[in-house]
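Just the one chain here, the form predicted on its own, laid out as structure tokens.
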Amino acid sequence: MRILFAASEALPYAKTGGLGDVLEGLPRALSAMGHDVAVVLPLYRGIGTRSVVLSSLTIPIGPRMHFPAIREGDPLRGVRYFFVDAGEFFDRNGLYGEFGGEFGDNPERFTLFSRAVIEIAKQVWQPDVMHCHDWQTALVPVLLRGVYGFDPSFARIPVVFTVHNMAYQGRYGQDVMWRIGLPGHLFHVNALEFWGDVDFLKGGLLFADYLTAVSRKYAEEIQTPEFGFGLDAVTRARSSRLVGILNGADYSTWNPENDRWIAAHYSAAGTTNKAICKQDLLRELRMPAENSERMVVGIVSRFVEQKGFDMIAHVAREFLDEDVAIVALGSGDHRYEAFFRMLADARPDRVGVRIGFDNVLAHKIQAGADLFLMPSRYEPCGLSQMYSMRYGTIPLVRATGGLDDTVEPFEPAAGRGTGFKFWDATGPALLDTLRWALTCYRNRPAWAKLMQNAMAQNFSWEVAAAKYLDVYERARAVRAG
């Protein structure tokens, strides 16, 4: 099967979140299974390319014509990469914005990108299925069925559309219809119109042949008012074409047996060296060595309300009254950055914090911590809890989205389970679960069993890729009539 991916980011070229990981892992897994796979990305600043495939496309964006080139990069693990070269739109410091705000012309930028994806599918690399991701490519199915519907080249090519986070919808004022040059019939309640605005994500949900969400639980949650962000009626209406598929984990990078960033390697067969990694982590954050005898709680995250940091703030004093130490890495909302700095200033003996992103430290936290904390208010999939289990670093999560799908509560008497979960999105519920985890931690045989259970989990991309192939076949059957 020939599968064309379209997305606004993909490792190793561009990443701001989990989307970049998915667009590395899934295409590679499908290629390894023998399929022809290509990925289309914007040519952001700093990306090197190999050759020009098309010197110029003619693409209308509102009242102006644009002439992007299509370039090709070197294949990586059998996957081809095409880039839309439109310097006026993509040769910038940020992917979506800078200085904490979005670029004002993001609708134009990603409309041009979506139109270019369609032209690549027609002129350069014709696929059997197109797989689009999030609002930045939601116009691909809208354009295919609402503008290019006359073109026989696309009559039998289905579009699968994946929602990674319903909170980000690409919602703009009605004037965007004129700015990006879409016909008026698409500004309709059964198309892009949403309470008088234009909603890109809504268009993708309505016009794609099949929809996927990045976990089974999240596919259910986005059909509810709490997690649908206003579009729950749309997802419920399309529930027969909506499938939840858990993202995979890249164990070639996140594996304590061969991780190049950690102080010592270890495996489920022998976890002794994890203690060396714990000592190294404490040294890295200049924390007292005596913390090696405590439960070290690790956090690697964006510091935003979605991630549940208000719950931690609510019980921070009681949290640190327990026999624990905290190591945290991340950046985001200034109030949460300030909170973690304040915590580290108040308790430097127990708290180590680094604001920003540090890939090496992220690996050291996964290997050196005992518990990995993810108290998210919502979490479509989550990857960090999958990585932490492979490192024998036990996840403590709120039961939502992919966190609920991947973590099984530990039952010491039965020897079952892989972590700890709480349901109520409150500080006290989090604190109670931490105390239960501490009780288990002090029972060394039980904790050793818990580590073995966690490290035995397999969330590899091969499992997810097989499920996506099934969705692709279903979408092709729909398009074939």
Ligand code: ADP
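Since the model is a prediction, treat every value here as computed from it, not as a measurement. In case it trips you up, residue 1 is the first one in the sequence shown, and so on.
Although not depicted, the form predicted in complex with adenosine-5'-diphosphate is the subject of the following passage.
Novice: Verify the flagged residues A14, D85 and Y96 against adenosine-5'-diphosphate in the predicted complex: is each one within 4.5 Å by a non-hydrogen atom?
Specialist: Answer is no for this spot.
Novice: Work out which of S301, Q169, N291, T235 lies within 4.5 Å of adenosine-5'-diphosphate in the predicted complex, going by heavy atoms.
Specialist: Spelling it out, the residue with a heavy atom inside the cut-off is S301.
Novice: Considering V129, M311, A362, L396, which brings a non-hydrogen atom within 4.5 Å of adenosine-5'-diphosphate in the predicted complex?
Specialist: That would be A362.
Novice: Spell out, yes or no, whether the shortest heavy atom distance between E24 and adenosine-5'-diphosphate in the predicted complex is within 4.5 Å.
Specialist: E24: no contact with adenosine-5'-diphosphate in the predicted complex.
Novice: Would you classify L19 as touching adenosine-5'-diphosphate in the predicted complex, given a 4.5 Å non-hydrogen atom cut-off?
Specialist: So L19 counts as contacting adenosine-5'-diphosphate.
Novice: Is G368 one of the residues lying within 4.5 Å of adenosine-5'-diphosphate in the predicted complex, judged by heavy atom distances?
Specialist: Looking in the predicted complex, residue contacts with adenosine-5'-diphosphate do not include G368, since no heavy atom lies within 4.5 Å.
Novice: Could you confirm whether L329 comes within 4.5 Å of adenosine-5'-diphosphate in the predicted complex, counting heavy atoms only?
Specialist: The answer is yes: L329 has a heavy atom within 4.5 Å of adenosine-5'-diphosphate.
Novice: Going by heavy atoms within 4.5 Å, which of 192 to 200, 373 to 381, 148 to 156, 264 to 272 lines up against adenosine-5'-diphosphate in the predicted complex?
Specialist: Heavy atoms within 4.5 Å of adenosine-5'-diphosphate in the predicted complex occur in 373 to 381.
Novice: In the predicted complex, which residues of 231 to 262 put a heavy atom within 4.5 Å of adenosine-5'-diphosphate?
Specialist: Heavy-atom contacts within 4.5 Å come from W254 alone.
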